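Only one chain comes next, encoded as structure tokens, the form predicted on its own.
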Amino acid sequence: MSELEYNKMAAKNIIGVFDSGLGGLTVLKHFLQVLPDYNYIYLGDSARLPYGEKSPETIYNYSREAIDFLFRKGCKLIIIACNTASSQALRRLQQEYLPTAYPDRRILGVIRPVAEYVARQDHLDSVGIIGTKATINSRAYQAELSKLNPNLRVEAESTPLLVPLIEEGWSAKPETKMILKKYLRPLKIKKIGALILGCTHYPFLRREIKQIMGRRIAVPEPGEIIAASLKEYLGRHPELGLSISDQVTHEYYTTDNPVLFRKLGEKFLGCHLDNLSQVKISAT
């Protein structure tokens, strides 16, 4: 049996969720609410975080290794719940990697659903974006928003310190709020109408961000938008063979020490991460 034939046979009724660290839990949390009867495997590549400071080629290689790990675990569909990987690696993974390695499976990102949601909002003439350097420099959000609503004014700011602060459990520290205020001030001055949280880590700070931006500026919850988009996608693609499970299973993997991952993950998800393991996915 060839490796390709084995890969096809090994596919199970599982949805994979991948992020560079804890951030993808903000997406998985909404998957569990909107689509609770599916099996999920979550992978956080915390050992190589942050992705946002890496080169496009490195981000692609890291993402490919993570995707391959999840497919080998039997996932039929993988959500790259990382804006950096979605902006830098998704298209190449879809066009170069999938057709030869796993032609019967699918990979989705998180940028398009959020951009579509924002572009549809009535009476919105300007939007801000915060994200990692790699996401902002890729101009992925700007390109999507421009195609969907050419009249929308788009302002973007990179906020590179936020991911490490969140991963260290510093979300509630006064130092983090001070840094947030500095990052968000230029966007407040430009009088945007809505703010896109262009990193799945940032919903950990959504309450603080909303307080700083004020009531006039909408701050959509990306996880809600992405979960609704996934539900619609599954309805349109029954050929994937993903269906609800009588005995739902959730597995969690991290490439770094699982102690902090468990502590922050359980606090955020509000449940015990019983099936949490540390793994190595790097080929080196």
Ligand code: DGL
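Numbering starts at 1 and runs along the sequence shown. As the structure is a computational prediction, the values presented were derived from the model and not from experiment.
What comes next is about the form predicted in complex with this ligand, which is not displayed.
Although the partner is absent here, Ala115 sits far enough away that none of its heavy atoms falls within 4.5 Å of this ligand in the model of the complex.
Among heavy atoms of Val163, some come within 4.5 Å of this ligand in the model of the complex. A residue is said to contact a partner when one of its heavy atoms sits within 4.5 Å of a partner heavy atom; Ile67 fails this definition for this ligand in the model of the complex, lying far away.
Of the heavy atoms in Leu49, some are within 4.5 Å of this ligand in the model of the complex.
Figure note: of the listed segments 116 to 124, 206 to 214, 91 to 99, 193 to 201, the one touching this ligand in the model of the complex, with heavy atoms no more than 4.5 Å away, is 193 to 201. Taking this ligand as it sits in the model of the complex, the stretch 73 to 112 comes within 4.5 angstroms of it through a non-hydrogen atom at Cys82, Asn83, Thr84.
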